[in-house]
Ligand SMILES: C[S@@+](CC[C@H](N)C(=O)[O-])C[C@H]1O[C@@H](n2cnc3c(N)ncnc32)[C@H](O)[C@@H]1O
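Here's a solo chain for you in structure tokens, the form predicted on its own.
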């Protein structure tokens, strides 16, 4: 039987895999390709390769399933399990669905506070023909109460948490272009949403939730956290990735391994600060990478 295109691709990236490699199924060449510290992407937001972006865009920061699939494939082996405590509209879960459709099965459990986002995830799976993963509508603070979490050990925690109160601030640039206004776009109006907390409360809560999640992660398993910085003020550098890294490094047994930068070229450039001062177009996010040592 002639292999399918997805089977041929899988054979290509796994050919010559070192038998000592217990992290993933990749060959040395495919491993090296992932080590580039900067990912510059332009994933489609329309058409069949957008994987329901027209539905998922109701979320302020939907992650491309193709991007999440790359992280899943590097930090897990075939048949591995992934946990996303802040699943949103399901970028991580859809990434597992993409790999499963290609014969590279991974499985995911996601937790999401918003019933609207959970429903959108299921709509995307149905429309795009992707195998649905386990999506729990609930509060990540309660993750150790869910049997789908406690009944197994995970190989990877991959998540994109709400960024404190970033989304509750007035917007500009891309939103002005798309929607004609600069009103804030919070993740939800729930008081339980981490996206509605001040920075210190957010960091405390995120640390507690991920410490609980790490109890379900296997030794030598990885935690990957996406985050985006805020613009600096006169008194604060507002590098959120630094605050998050420092908090998570305080969790016993968790080691910071570095980061990758994702530059999303779908976003437009705007002349912020012109003609008076420098204001960066923040088109990038950090993927903070940690490993559970024991």
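A quick note: this is a predicted structure, and the numbers were derived from the prediction, not measured. Positions refer to the first chain, counted from 1.
One more form of this protein, predicted together with the named molecule, exists but is not displayed; see below.
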In the predicted complex, which of the stretches 69-77, 89-97, 216-224, 126-134 has residues with heavy atoms within 4.5 Å of the named molecule?
89-97
Exactly one of 111, 156, 210, 120 has a non-hydrogen atom within 4.5 Å of the named molecule in the predicted complex; which residue is it?
111
The one residue among 245, 50, 61, 27 placing a heavy atom within 4.5 Å of the named molecule in the predicted complex is 61
Let me test this: is every residue among 139, 160 and 193 within 4.5 Å of the named molecule in the predicted complex, going by heavy atom positions?
yes
